[in-house]
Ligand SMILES: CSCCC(=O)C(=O)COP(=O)(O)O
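Given as structure tokens, the chain that follows is alone and in the form predicted alone.
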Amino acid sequence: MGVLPVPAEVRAILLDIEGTTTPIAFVQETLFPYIKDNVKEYLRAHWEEEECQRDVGLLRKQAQEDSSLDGAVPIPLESGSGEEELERIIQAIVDNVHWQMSLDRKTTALKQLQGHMWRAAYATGHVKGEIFEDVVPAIRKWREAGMKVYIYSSGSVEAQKLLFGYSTEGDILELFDGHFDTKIGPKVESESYRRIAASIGCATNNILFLTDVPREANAAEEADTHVAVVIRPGNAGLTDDEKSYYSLISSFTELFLPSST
């Protein structure tokens, strides 16, 4: 794909995670299966903790909102303290989590529980965040050239910080100037990129957004944000029209900063 010059007005680089800094396979084959395989054990171990009960409360509220959806799994209220009832409720939560994940839902309730489970997994060394090998050296160069670097992902800010704090490259959180998740808005809506620009104190055309998803790239472009689409192993293929329309890179090293001349 060659070299992609970064427009002179760009002051900040905004990075997607899945398929951009991190292999999609890590998310699909490590992070998500960890939740499915360990949610019951996690709930049993942490049930009495306040944080876990808050997570359960959010999941129960979400289940009520979802009650009219096909295949929705209700989560009953506790009526006593019997061991058998507790197991029944935990199983209902497990079934609900599995159902939500099978639909690739991104509810706050699900994301919060996943974030807390991943925190425990990272802290105990059961999971390490995978980073493409070109990412860290490139970001260090960008920062040396005066660029600010931010993350924007559908995963929660907490989950982002865990991935980069416990990564295969060590703790690399110092490389980022800030993190955004869908609390600032969906990644496929242009207004989200205007909010990010306002939050970091620049114009939208001072930002270069790197993503593997054309719909996100399109939304960012509508907000007058510069965009490059990242081609990585395992990413969804692009149409011929998308390939000819978007600036494409297969490695962060292909970005050429004017200040590096």
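Please read all numbers here as calculations on a predicted model, not as lab measurements. One rule holds for the numbers: they count along the sequence shown, beginning at 1. In this text, the rigid core denotes the largest set of C-alpha atoms whose superposition between the two forms falls within 1.5 Å.
The form predicted together with the ligand is left out here; the points below concern that form.
Backbone and C-beta atoms of the displayed form are kept clear of the ligand by more than 2.4 Å after its pose in the model of the complex is superimposed, which defines the site as open. Of the candidate stretches 218-226, 23-31, 231-239, 38-46, only 23-31 has residues with heavy atoms within 4.5 Å of the ligand in the model of the complex. Contact between Lys106 and the ligand in the model of the complex is found at the 4.5 Å heavy atom cutoff.
Although the partner is absent here, Ile249 is not a contact residue: none of its heavy atoms lies within 4.5 angstroms of the ligand in the model of the complex. Residue contact with the ligand in the model of the complex: Asn96 places no heavy atom within 4.5 Å of it. The closest heavy atom approach of Lys187 to the ligand in the model of the complex falls within 4.5 Å.
With the partner omitted here, the residue from Thr168, Ser154, Gln91, Gln112 that has a non-hydrogen atom within 4.5 angstroms of the ligand in the model of the complex is Ser154.
Along 158-178, a non-hydrogen atom within 4.5 Å of the ligand in the model of the complex is carried by Ala159, Gln160, Leu163, in order along the sequence. For Thr107, the Cα coordinates differ by 2 angstroms or more between this form and the one not shown after the core has been superposed.
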